[in-house]
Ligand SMILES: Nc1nc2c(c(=O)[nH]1)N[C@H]1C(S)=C(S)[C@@H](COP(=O)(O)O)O[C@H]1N2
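Quick setup: one chain, the form predicted on its own, written in structure tokens, and binding and motion questions come after.
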């Protein structure tokens, strides 16, 4: 059995049409499914999301509490490290700014952690200032499990592996530490416009 899904081998491609497409990327019209391992199927009755780590007190929400928070609908382009880009994708979710409101921390980094054991690291500043969301809907419909539902992190300005599927929390950290793909040689940051795919790029 292959460790990664066949989507990592690429899809049929269109030529980039405008300056919104980073170097080395091609535009797709479908939504490729890329996963390392099986798709989790969490129960919403027991689902929780937490902010933990370098904080005075852990914050935690149930699914009902998360859905009761103010949400936003945003349209963004997304770019996968496997070189596909999908333009004008529409998501609904809760801004990470909303979740961090009132949180006191001196942390500079975050580790997103997920069902299935997946993790990915990010600078905290890349999740704040209206740059990231916990998304629960795509294109007006509840987010499908194959695309990270019930909720995934959405950080559209970085390569899409940083938008962790099946996210369950953010661990605030004083020092940067590699997540799942980063330990396998993927870039610690992942800027599509700088083609930061792998360590050393």
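Positions refer to the first chain, counted from 1. Remember, it's a predicted structure, so these values are computed and weren't measured experimentally.
Quick note: we don't show the form predicted together with the named molecule, though the next part is all about it.
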*asked:* With a cut-off of 4.5 Å between heavy atoms, is residue 147 one of the residues that contacts the named molecule in the model of the complex?
replied: yes
*Is residue 155 one of the residues lying within 4.5 Å of the named molecule in the model of the complex, judged by heavy atom distances?*
no
*Tell me, yes or no, whether residue 80 is in contact with the named molecule in the model of the complex, where a contact means a heavy atom of each within 4.5 Å.*
yes
*4.5 angstroms heavy atom contact with the named molecule in the model of the complex for residue 34*: yes
*Among 128-136, 165-173, 52-60, 66-74, which stretch has residues with heavy atoms no more than 4.5 Å from the named molecule in the model of the complex?*
165-173
*Scan 102-128 and note down the residues that get a heavy atom within 4.5 Å of the named molecule in the model of the complex; none is a fine answer too.*
114, 118
